[in-house]
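Shown below, as structure tokens, is a lone chain in the form predicted alone; questions about how it binds or moves come after it.
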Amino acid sequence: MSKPKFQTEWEEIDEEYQQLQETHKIYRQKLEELTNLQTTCSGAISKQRKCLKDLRRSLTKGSQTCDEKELELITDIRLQIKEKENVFFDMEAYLPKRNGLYLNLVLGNVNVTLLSNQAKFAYKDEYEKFKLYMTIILMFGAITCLFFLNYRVSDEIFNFLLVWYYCTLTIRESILMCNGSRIKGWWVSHHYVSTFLSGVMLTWPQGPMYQRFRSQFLAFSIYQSFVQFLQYYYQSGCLYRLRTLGERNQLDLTVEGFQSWMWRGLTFLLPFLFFGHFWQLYNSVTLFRLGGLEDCKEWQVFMLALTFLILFLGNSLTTLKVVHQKLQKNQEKMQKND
């Protein structure tokens, strides 16, 4: 007598269920092994860092009394220590680690480390697309507010969008840095300063001072979005070429500024960047003048003037520093070739 159809189906489901249980058991065992390996690797890296730190101190003391031959050996060891520290940085990109203060405040003690290359690249690409789409949205938002909607409500929506955008960027960048992205220095701080500036703009009440600066700020926002749009395509092309050649980290990001790897096409990009930097200075000067007027009562005026001045100094000095370093390296290469 043949089995009923439902019994055959149940037996097949039950067999697959047994296989699933076995597979899940193996998965949990592997996961426990992985966790133990992660702990072992993290501990070994911490131990190595401590040993290298102690060795560096010994080398510093020894270099003061050593001869020329020993000094060459010390220099060579220091270079190897630096190489090892770079390797540790790459290793830690695949190991769970504690979040920084900012991520702890925003997300809590949540592990944000992505363990596979595929997941890292997918998150980085999504970050780049987010920046591109938001740049376009902000550009059209500023154009709409400047030419079509002269209302306080529309301005508030635009300023709130700026605050949300920069806050989101700081969180996403912090997660990417936890996963091995090497973005650092001023181009990280730049977004925190921009978040603060947008927040102050959001709280600035309607009045004569606000109306005097409104058009200038919206025009600056349009230009800034335009430059960021140009930078995205220029920098993404540079990064794609350098990653293909193996000269850049796969998680390197496009930034609102100039870095050493963006050398080709420099004559095209730098004038736009410096014009934007000096527009920030112009905004600062305008706001300081408004703050000096008798009918100016808002604290936002002086705070915005100071913030725009900080952005101008940070962007200009960092860009000039990178250009100077690159020119110096090129000069050293030419001297070696000669």
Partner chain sequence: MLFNPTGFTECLREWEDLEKNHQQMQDTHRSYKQKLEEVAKLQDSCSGAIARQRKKLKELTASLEECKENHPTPKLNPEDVDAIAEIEDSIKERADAFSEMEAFLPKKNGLYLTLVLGNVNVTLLNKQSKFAYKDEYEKFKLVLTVILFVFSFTCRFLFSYRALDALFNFLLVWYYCTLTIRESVLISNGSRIKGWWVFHHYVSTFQSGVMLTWPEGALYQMFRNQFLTNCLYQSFVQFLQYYYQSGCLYRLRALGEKHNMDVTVEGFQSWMWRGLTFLLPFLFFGHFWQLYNSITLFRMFQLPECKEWQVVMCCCSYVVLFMGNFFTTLGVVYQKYMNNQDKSKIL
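Since the model is a prediction, treat every value here as computed from it, not as a measurement. Numbering follows the first chain given and starts at 1.
Another form exists, predicted together with the partner chain; not displayed. Remarks below refer to it.
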One stretch from 224-232, 186-194, 138-146, 107-115 that, in the model of the complex, holds residues within 4.5 Å of the partner chain by heavy atom:
107-115
Contacting member of L95, A219, L161, L132, with respect to the partner chain in the model of the complex [4.5 Å, heavy atom]:
L95
Report the residue, out of V285, L270, L313, L52, that has at least one non-hydrogen atom within 4.5 angstroms of the partner chain in the model of the complex.
L52
Should H24 be counted as a contact of the partner chain in the model of the complex, where contact means heavy atoms within 4.5 Å?
yes
Would Q335 count as a contact of the partner chain in the model of the complex, using a 4.5 angstroms cut-off between non-hydrogen atoms?
no
So in the model of the complex, is the partner chain close enough to L20 to count as touching (4.5 Å, heavy atoms)?
yes
Is F275 near the partner chain? Define near as a heavy atom within 4.5 Å, in the model of the complex.
no
Does anything in 38-56 come within 4.5 Å of the partner chain in the model of the complex by heavy atoms, and if so which residues, in order?
Q38, C41, A44, I45, Q48, C51, L52, L55
